[in-house]
Ligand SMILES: Cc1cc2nc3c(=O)[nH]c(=O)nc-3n(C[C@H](O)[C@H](O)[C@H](O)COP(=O)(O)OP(=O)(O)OC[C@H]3O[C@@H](n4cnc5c(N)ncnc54)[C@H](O)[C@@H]3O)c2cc1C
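Shown below, as structure tokens, is a lone chain in the form predicted on its own; questions about how it binds or moves come after it.
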Amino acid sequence: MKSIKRKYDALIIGFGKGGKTLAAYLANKGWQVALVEQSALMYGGTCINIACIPTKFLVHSAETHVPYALAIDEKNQLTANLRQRNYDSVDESPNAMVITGKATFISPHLLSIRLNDTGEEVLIEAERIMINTGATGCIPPIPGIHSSRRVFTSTTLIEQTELPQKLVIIGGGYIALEFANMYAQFGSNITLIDKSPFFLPGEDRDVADVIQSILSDKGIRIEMGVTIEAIETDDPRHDVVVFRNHAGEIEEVKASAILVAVGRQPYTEGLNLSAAGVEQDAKGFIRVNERLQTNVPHIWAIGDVNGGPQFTYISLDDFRIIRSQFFGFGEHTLLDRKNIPSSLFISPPLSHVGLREHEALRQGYRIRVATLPAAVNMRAQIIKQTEGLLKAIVDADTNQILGCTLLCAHSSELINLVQVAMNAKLDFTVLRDTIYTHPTMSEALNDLFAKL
């Protein structure tokens, strides 16, 4: 079939947060823009279709006791509506076109797009190219893992309409813990197994111990220091996960579903980056400078594929960095990023910004540390969410906040207030002495910083 050639000012490969925001913005500025997405089920990107939005919707559904099958149905309706809104936000611009197909580099400025609907090949030449293809889950080389019909990723598990009665989760990071907490609240029997000898090794031990206790109290079995020997698929009723525990003993656990959550890797399959001369690091992430440019100056990489923090709000900031290069917004680069907050949406949520206690000590700071049980806050008692711990790390020499960890209700909102104070280099006493409304979780900042 004869190919058709088109030319654009900018080509964006992938419909993620940074890419779709950039496409709409450039089109509104009069640029001719093409946004290529290989799947019609991914308009809007990972966040709204298979990650942040659907999983947090399901977390809320589990917390409010919505039946699992109904929650999945409502989740699907939500993501379908968001997909259409995101598609329209780009495609309705007279200067932008959404092209559904697979992109492959032919040369640094020229790509072939194989259209999904017709199979036709379209050649696109672009002055500037942004790669926004995201990341995908890793599958470890466990014997039997590829022959099992009960092995899922976080993407495929939330497509299932039947609640797994016995869910085995391989991994111990944020995705693993979020799904363990969520499915336990839906009613699944959860076993979480991880190769690390320590639960949440990056956290301070006092915080990690409280989280482990909270999850264990929900009935979640947590096995650390595990080596998985095999996944056996002989029984039609269930799989069997065979593992060697921390003591070196062989154990088995039956599974009606197995979630693999051991990390994510960049998605560059089929892009043929070598044809464009674009360099990747040892893990396959696209190398970028502080302006998100690859080694090829007219090609940028934004979002998860560039190896930065894998958060939607980071992808949005990637958009700001690229925007600053094309229009007069002043220079904005990766070097400007400070104190990036994060949240783990278990119940209660864990949120963090800055340095942890062990990190601050390792970097040589003289510190003051405050901790506060979440139960002392009146709002926590009113809403009956009294589990958790709040922790603040302050520079003893400057009184500036070095870091804060909040394991409490509404922590994902509170942590942003702490981040603003840190970026403004405010004395911790500002948060300590601010007048907050009552009764609210933000009042816990009065009590936390008063302990210093």
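Residue numbers here begin at 1 and follow the sequence given. Keep in mind that what you see is a predicted model, and the values were worked out from it rather than measured.
We do not show the form predicted together with this ligand, though everything after this point is about it.
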- Counting non-hydrogen atoms within 4.5 angstroms of this ligand in the predicted complex, say which of 144, 354, 101, 164 makes the cut. 101
- Would you kindly say which of 285, 243, 152, 345 lies with a heavy atom within 4.5 Å of this ligand in the predicted complex? 345
- Hey, of 399 to 407, 61 to 69, 417 to 425, 30 to 38, which bit sits against this ligand in the predicted complex at 4.5 Å between non-hydrogen atoms? 30 to 38
- Partner contact for residue 388 in the predicted complex: this ligand, 4.5 angstroms, heavy atom: no
- Contact label in the predicted complex: residue 75 to this ligand, heavy atom within 4.5 Å: no
- Message: in the predicted complex, is there a heavy atom of this ligand that lies within 4.5 Å of any heavy atom of residue 312, even though the partner is absent here?
- Response: yes
- Item | in the predicted complex, residue 132 touching this ligand (heavy atom, 4.5 Å) | yes
- Note on the structure: Those residues of 283 to 304 with a non-hydrogen atom no more than 4.5 Å from this ligand in the predicted complex are 302, 303, 304
